[in-house]
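Next up: a single chain in structure tokens, the form predicted alone.
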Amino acid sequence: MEFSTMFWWFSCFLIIFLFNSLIQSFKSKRNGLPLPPGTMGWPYIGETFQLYSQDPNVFFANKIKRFGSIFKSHILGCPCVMISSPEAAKFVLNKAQLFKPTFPASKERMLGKQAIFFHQGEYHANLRRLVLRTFMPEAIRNMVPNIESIAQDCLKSWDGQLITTFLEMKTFTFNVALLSIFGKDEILYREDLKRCYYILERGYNSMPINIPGTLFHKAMKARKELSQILAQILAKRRTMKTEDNDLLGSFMGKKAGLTDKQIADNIIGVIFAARDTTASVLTWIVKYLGENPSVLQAVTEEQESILKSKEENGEEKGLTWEDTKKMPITSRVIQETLRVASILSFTFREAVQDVEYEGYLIPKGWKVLPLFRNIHHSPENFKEPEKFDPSRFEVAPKPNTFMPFGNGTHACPGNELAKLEMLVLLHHLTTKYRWSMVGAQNGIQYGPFALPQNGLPIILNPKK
């Protein structure tokens, strides 16, 4: 019975796949343009497993070698066109009238269809204005003491312990994200939100099969509970009738004009965007600094000079916004880590109409993926691209070759906050602690972000 059911589902997927292929083939001929070269993989599943189970560099490099800088594939249930040249990436990311931001339907359901990632036009512009109002330098400069307190508490809890760097960095970035969203009240909701969000993220790259027992089903249940928690937070804020300067307060303002569902979708989306990516970058920074003693020494000396200057001038010990602007070497380490690790391997756009590019048809409704990782690792853009060399950023890179936060109107609006929390943590990590990596150090694991093997286990100890 079980085999016959599986065979029935497989047959349905095969029929749908073949029917869709016939439609796209007809459409291509109708427009007189060929689809980009490439392979589509299995029915429905496509080439999802090939992409997420191996080094994305290898997956994309093999495709580019075989088909060129533009090729088709099928990822997470969606037909896709992938592009790997800076010029093509700029074209797609800056032509909002041709390509709208999108994710696979499964991700839209998890984050919420009203989240900023999935929209353009007036609604997107309004959301972006509200987010930037909270995350621009003028707003986040006052958050430095609070971020510093979170960083110090995290580091103290790791003291003398064998820790998994990525998991601990996720805790740090999650707490900073909640601070930026809920302000001083974040600690009241931290544990319930964390519990639900951890379940949600485990199903983020699962196949969208909403059957009890599957990761996707568990994730959707957690998503529903997250919405209920946020509804309680909104109700409590309204009874208190306070005006808050955090992101939630910005979303709740009368001029924002957002419904409770729109607020919930965007809060969940912002947590997703603010947390795992930044935690991944910090994990790679710890690894690269540990492997490059001369770079670590330069960063440490830079950070210690800030402490020394504050002591000589009789200033308070805590970091200030002005202090974070005296960290050029540390900033270049962050930039080089963003390039080498390329946490955001690609982004999703969707063609809103048939588009011709370089003699190929990109059909309406197809996903288009600019491949940031391949752009960042191209020897045409960066000399010895696999080498970790922060000094390369002493000179600005070529236009459109370095896009760790995306590009165009949909570039990440929280990048200033991400850089700030990294600088603050690295200040205390390098001046007060030393660490050693444990176990295999060369392996990389994938899904959804590239990470050092096993999340980079380390032992952290205070400096004498």
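Note that residue numbering begins at 1 and tracks the sequence as displayed. Because the structure is predicted, anything quoted here is derived from the model rather than measured.
Just so it is clear, the following notes concern the form predicted together with a small molecule, a form of the same protein that is not shown.
Q: Does each of R128, T278 and T409 have at least one heavy atom within 4.5 Å of the small molecule in the predicted complex?
A: Checking in the predicted complex: R128, T278 and T409 are all within 4.5 Å of the small molecule.
Q: Any of the heavy atoms of P43 lying within 4.5 Å of the small molecule in the predicted complex?
A: No.
Q: If we define contact as a non-hydrogen atom of the residue within 4.5 angstroms of the partner, is P56 a contact of the small molecule in the predicted complex?
A: No, P56 stays farther than 4.5 Å from the small molecule in the predicted complex.
Q: Is F135 a contact residue for the small molecule in the predicted complex, using a 4.5 Å heavy atom cut-off?
A: Yes - in the predicted complex, heavy atoms of F135 and the small molecule come within 4.5 Å of each other.
Q: Considering non-hydrogen atoms and a 4.5 Å limit, does the small molecule approach R349 in the predicted complex?
A: Yes, R349 sits close enough to the small molecule in the predicted complex that at least one of its heavy atoms falls within 4.5 Å.
Q: Among 58-66, 394-402, 412-420, 431-439, which stretch sits within 4.5 Å of the small molecule in the predicted complex, heavy atoms only?
A: Residues of 412-420 come within 4.5 Å of the partner.
Q: Sort through I362, V333, V270, A264 and report the residue having a heavy atom within 4.5 Å of the small molecule in the predicted complex.
A: Residue within 4.5 Å of the partner: V270.
Q: Please identify the residue among V368, L371, A341, I116 with any heavy atom within 4.5 Å of the small molecule in the predicted complex.
A: After the contact test, the surviving option is I116.
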